[in-house]
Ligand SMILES: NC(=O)c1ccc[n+]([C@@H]2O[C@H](COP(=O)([O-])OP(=O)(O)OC[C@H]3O[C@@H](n4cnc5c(N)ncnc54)[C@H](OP(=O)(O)O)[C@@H]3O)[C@@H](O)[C@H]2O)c1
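As structure tokens, one chain now follows by itself in the form predicted alone.
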């Protein structure tokens, strides 16, 4: 079978499709013939050497797949064979085959294509943790979603609209029409205007109750300032660290520079301002599989009832993975980018 190997850290040419022996499931595993694999910003950071949680190179990335179960181990019910499924991986998903434990696999809703199904796990689980499990977003509240046009951004928009909250979102102006059609109440052009000033104008200088921020660095300071009393800041990435780098020493320098710009939140200040801060890292929740299962059930129920609407912007083959990375880094995507296996 073929797999996408990150041969070392660096630019797009370090991504290579390589042939390896077919996989065989252990007694407690399912073998999935992969049809589509989600591509996430963590994969890009890993390619550049900016992702501490990533495996050492050479490696195969990929946190989420969809496909068909073709074989199961002796301890797994054989009724799984032939089922179309969604799988959560701890890497190795960007390949033609993957083996997973049963608790990492969910039946794919018939209404979803394989590409749509592969776009759900990371984006919607992250969004659920940010807005529901930790953010506690309520109907009468408002939320600012940074990078509203990305995969996690659109997932958050689905959830926030389902809750009934007022939504603000930063995105380049060309994405505003699409986001309004998806239900975003107030798009903010962060490229040509200061998003903080625009948010303050829109909210009468009050700010919002919840802000989700994947940017990092000193952007977290601005987001914290934009919170109302009882406001919460959910941090889940440091994407600004990757803007000026393709890998190597430059990437490490940008990462260190971003970390040094991060704010320090002091307990007494949080008390005085009635604000909260928290972080979400889906890659550090593998020991909480029962939580992920509950969240996935709610999300897949949302697919069935129609309020969860995964949007795939563009697909690429494994051989086109470098182009896919570039497409995301240039902020061209609206929604999810998916790798398809043909």
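Positions refer to the first chain, counted from 1. Predicted, not measured: the structure shown is a model, and the values here were computed from it.
Another form exists, predicted in complex with the ligand; not displayed. Remarks below refer to it.
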Exercise for the section: Answer with one of 226, 89, 171, 159: the residue that has a non-hydrogen atom within 4.5 Å of the ligand in the predicted bound form. Expected result: 171
Exercise for the section: Would you mind picking the one in 236, 128, 114, 220 that has a heavy atom within 4.5 Å of the ligand in the predicted bound form? Expected result: 236
Problem - Options 183-191, 200-208, 74-82, 106-114; stretch whose heavy atom lies within 4.5 Å of the ligand in the predicted bound form - result: 183-191
Handout entry: Touches the ligand in the predicted bound form: residue 30 (any heavy atom, 4.5 Å)
Key = no
Handout entry: Non-hydrogen atom contact residue 16 with the ligand in the predicted bound form at 4.5 angstroms
Key = no
Problem - 4.5 Å heavy atom contact, residue 333 to the ligand in the predicted bound form - result: yes
Problem - Residue contact check: residue 214 to the ligand in the predicted bound form, 4.5 Å heavy atom - result: yes
Handout entry: Residues of 123-160 having any heavy atom within 4.5 Å of the ligand in the predicted bound form, listed in sequence order
Key = 126, 147, 150, 151, 152, 153
